[in-house]
Structures are given as structure tokens and as C-alpha cells.
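Given next, in C-alpha cells, is a single chain: the form predicted on its own.
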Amino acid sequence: MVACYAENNIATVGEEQIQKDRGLHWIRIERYWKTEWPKPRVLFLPLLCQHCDRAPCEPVCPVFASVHSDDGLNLQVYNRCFGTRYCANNCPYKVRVFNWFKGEFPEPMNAQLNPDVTVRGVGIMEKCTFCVQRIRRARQQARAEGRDVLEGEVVPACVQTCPTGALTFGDLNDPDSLAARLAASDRAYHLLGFIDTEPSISYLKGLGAESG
């Protein structure tokens, strides 16, 4: 979560606004309790935009700020958005956040702002982009060298910094990629799969009787 904040110029809002449900984060960690006291066991689930192929957030935006890119990302066009929040209401995963306040980055925090990512203004919706700036950079480099993007060249900030390697990113259209092979495994499932939004993110069931 911290890496996502740093990479994507996400402002912190403070404890008071968090208590008012005005958090500003593109990825959160959900906790689920699997067993009962006195031996409780907690399971952690990273929850971010699922980048659905049939995204419920897209058709309800009156200004087409929520759009689907050619490479399968569900994007947010910030300079179109004027904060109706229809997309957030229609998202079953509740992973879109409204920017209630102008982000402030007092010195020396302003020195760590990512020049490849815009600092958003107040009153718009924000969400995970899979660090689209890294995807574009890798694509431009590959085009300049006359080749395709290689596996492992694009690594979102959350994947890069996960100490346990719990997150994997790759091209689902390439059956030989690690991400595609994991998504096709018997352990893979989609969050709220019964609503048929066709998410791009797959989760893996744990191994063993005590795993989630």
C-alpha cells in the first residue's frame, strides 16, 4: 500500500477523514477470520481495481471518464471526470475512491513526487491503474528497440515491493506467461465471480486444510 502511495502520488488524508470513510488509497488489504477463538486465523486479501472486461463502472459515467484501454485496463480519465461518483456506486468491489481534498505534499515530501504521474485535483474519482506509466514506458522502450515487451519488464509498484511475492503481474494473452498460467490453474478464482464482470485479476486458493 505504501509503495502504491509513493509511485502514484496519492495524498494521505489523516485519521479524522479515514473515520469519515474518506480514505484515499488505490489498494487495500481485507482481513477475513477463518477459525474461531481460541485459535483464530486471519487471512489477508489484497483488493484493488479488478480491471473487469465487463466493467460495471464504465457504462454509467456520463462523460466517459471511465474507459477501457486497448490493452485491457479499466482507466480513469482525470481531466474528464467531475465526480458524479456513479462509477463508485456501480463498482461491486468498492475500489474507486473520491478525492475530497486537494492533495498537499509539503516540503520535503514534494521531492518524492513521481514526475510520470499527474497530481490529481479535488472532486474526481481515483483508482488503481496497474501503474500504467510503467506499462507505457516499457512499451515505448520495446518499440524503440523493435521488439515486443518481454515478460518481467512491467512490474507495478505493489508487485515490486511485496516481500513474500504474493502478487504476480503479466500478460494474460500470452499463455506462456506466469500470470496466464496461474490464472488458468485449478486454484484460481475470481472475486464475486457469480456477477460475471470478467475481472482480469485472479486469486489463488491456498494449499492444505488450513489455507484460504
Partner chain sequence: MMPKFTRREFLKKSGLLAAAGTLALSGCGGRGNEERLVPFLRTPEEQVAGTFTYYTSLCQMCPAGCGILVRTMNGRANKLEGNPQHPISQGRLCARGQAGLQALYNPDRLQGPEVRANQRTDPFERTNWDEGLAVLGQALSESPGRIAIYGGHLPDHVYRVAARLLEAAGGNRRPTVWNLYRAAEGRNLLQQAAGDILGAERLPLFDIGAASAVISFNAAFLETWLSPVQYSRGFAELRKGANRGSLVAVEPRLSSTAAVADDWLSPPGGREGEVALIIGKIVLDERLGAGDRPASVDALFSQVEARGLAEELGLDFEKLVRIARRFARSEAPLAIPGGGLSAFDNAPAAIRAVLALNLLVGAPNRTLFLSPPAPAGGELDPREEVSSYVETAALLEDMKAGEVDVLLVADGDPYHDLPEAMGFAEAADQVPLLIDFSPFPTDTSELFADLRLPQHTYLESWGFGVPEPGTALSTMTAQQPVVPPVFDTRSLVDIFLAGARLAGGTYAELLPWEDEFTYVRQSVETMQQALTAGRIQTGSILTNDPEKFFLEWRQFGGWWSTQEDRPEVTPVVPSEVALEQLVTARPEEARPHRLQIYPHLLLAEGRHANKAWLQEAPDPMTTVVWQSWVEINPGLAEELELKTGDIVRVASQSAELEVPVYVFQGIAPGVVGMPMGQGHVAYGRYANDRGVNTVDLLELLEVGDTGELAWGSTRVSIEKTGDHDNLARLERSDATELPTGI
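Since the structure is predicted, the reported quantities are computational estimates derived from the model, not experimental observations. Residue numbers count along the first chain shown, from 1.
The protein also exists as the form predicted together with its partner chain; that form is not presented, and the subsequent description refers to it.
Student: Is it the case that G146, even though its partner is missing from this view, gets within 4.5 Å of its partner chain in the predicted bound form, heavy atoms only?
Tutor: No, no contact at 4.5 Å.
Student: Can any non-hydrogen atom of P40 be found within 4.5 angstroms of its partner chain in the predicted bound form?
Tutor: Yes - in the predicted bound form, heavy atoms of P40 and its partner chain come within 4.5 Å of each other.
Student: Is G165 a contact residue for its partner chain in the predicted bound form, using a 4.5 Å heavy atom cut-off?
Tutor: Contact check for G165: yes, within 4.5 Å of its partner chain in the predicted bound form.
Student: Would V159 show up as a contact with its partner chain in the predicted bound form if we use heavy atoms at 4.5 Å?
Tutor: It does: once its partner chain is placed as it appears in the predicted bound form, V159 has a heavy atom within 4.5 Å of it.
Student: Though the partner is not shown here, which residues of 27 to 57 have a heavy atom within 4.5 Å of its partner chain in the predicted bound form?
Tutor: Stretch hits, in order: R28, R31, W33, E36, W37, P40, R41, V42, F44.
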